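Just the one chain here, laid out as structure tokens, in the form predicted on its own.
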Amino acid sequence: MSDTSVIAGPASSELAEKIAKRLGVQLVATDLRIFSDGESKIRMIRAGKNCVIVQSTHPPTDTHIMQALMMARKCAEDGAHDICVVIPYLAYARQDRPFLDGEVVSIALVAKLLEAAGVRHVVTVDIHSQLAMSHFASIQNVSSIPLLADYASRMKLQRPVAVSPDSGGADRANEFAKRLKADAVALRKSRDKTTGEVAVDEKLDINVSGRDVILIDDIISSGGSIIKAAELLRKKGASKVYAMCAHALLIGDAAQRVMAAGVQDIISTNSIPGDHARVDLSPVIAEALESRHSSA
């Protein structure tokens, strides 16, 4: 990968540095200026023939997407042969179809914009929707579960149970539990179509009394699902409750409210920088990039 450069996007500079170090390639820094009206201006030196841009798209979401497009376009203008964008947290993946008449399929637009800017391949982590991937010409979804499970294995948990806050995450919880050699269960959640209120079925398929529980999810945003689940698990006698996820958006005071619900700690990957980003994604991302390079 001697002709490859890793470009540190403003949203993911530390992760980009770790990836470049693992690959043993040049790290290209970016000089960012934000104007008073919110516009971004990016300056960067000419990168290699193969450009790997590392830029997560957490809030401010649209700003970070625009910055990714600007960096990709600069690489294309400089004559790059291949442009790959690593987007650990891929925004708009939840908007993968029109749920109501007249809605724009936002992730399809993001895919088209990246392609128009010159991007040939996207690497992401634990994408929220598999359907979202169908809108990209070339995309690879990397799992953080092995890294999260490895971290959990060093936490000295007592008779651990992996719990998904809803049935949609059952496979994730099962995979996590298998690696941890633990039990797994998925809670049953329902939502009132009129009020939007979320309720969790209090009947559990496993006894959690006196056991340490890890709530495992892909994204923690407002924290609503995690809070409901944590309250139920504590009511059922769980000893300690932890929350683990790939992407800790934690909007507003979500972290404080999650902890107030009885969660011992929130642990996430560094897809989004922050106090809870304890698990480094660079090993699996570097492996994905090396695999793509060797098969090209």
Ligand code: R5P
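Throughout, we count residues from 1 along the sequence that is shown. Being a predicted model, the structure only gives us computed values, none of them experimental.
In what follows, reference is made to the form predicted together with the named molecule, a form of this protein that is not presented.
For the candidate set 94, 121, 73, 135, a heavy atom within 4.5 Å of the named molecule in the predicted bound form is found for exactly one residue, namely 94.
Screening 222, 141, 129, 174 for any heavy atom within 4.5 Å of the named molecule in the predicted bound form leaves a single hit, 222.
In plain terms, the part of the chain that comes close to the named molecule in the predicted bound form, with a heavy atom within 4.5 Å, is 212-220 out of 199-207, 149-157, 73-81, 212-220. Contact check for residue 179: no non-hydrogen atom falls within 4.5 Å of the named molecule in the predicted bound form. By the criterion of a heavy atom within 4.5 Å, residue 166 is counted among the residues contacting the named molecule in the predicted bound form.
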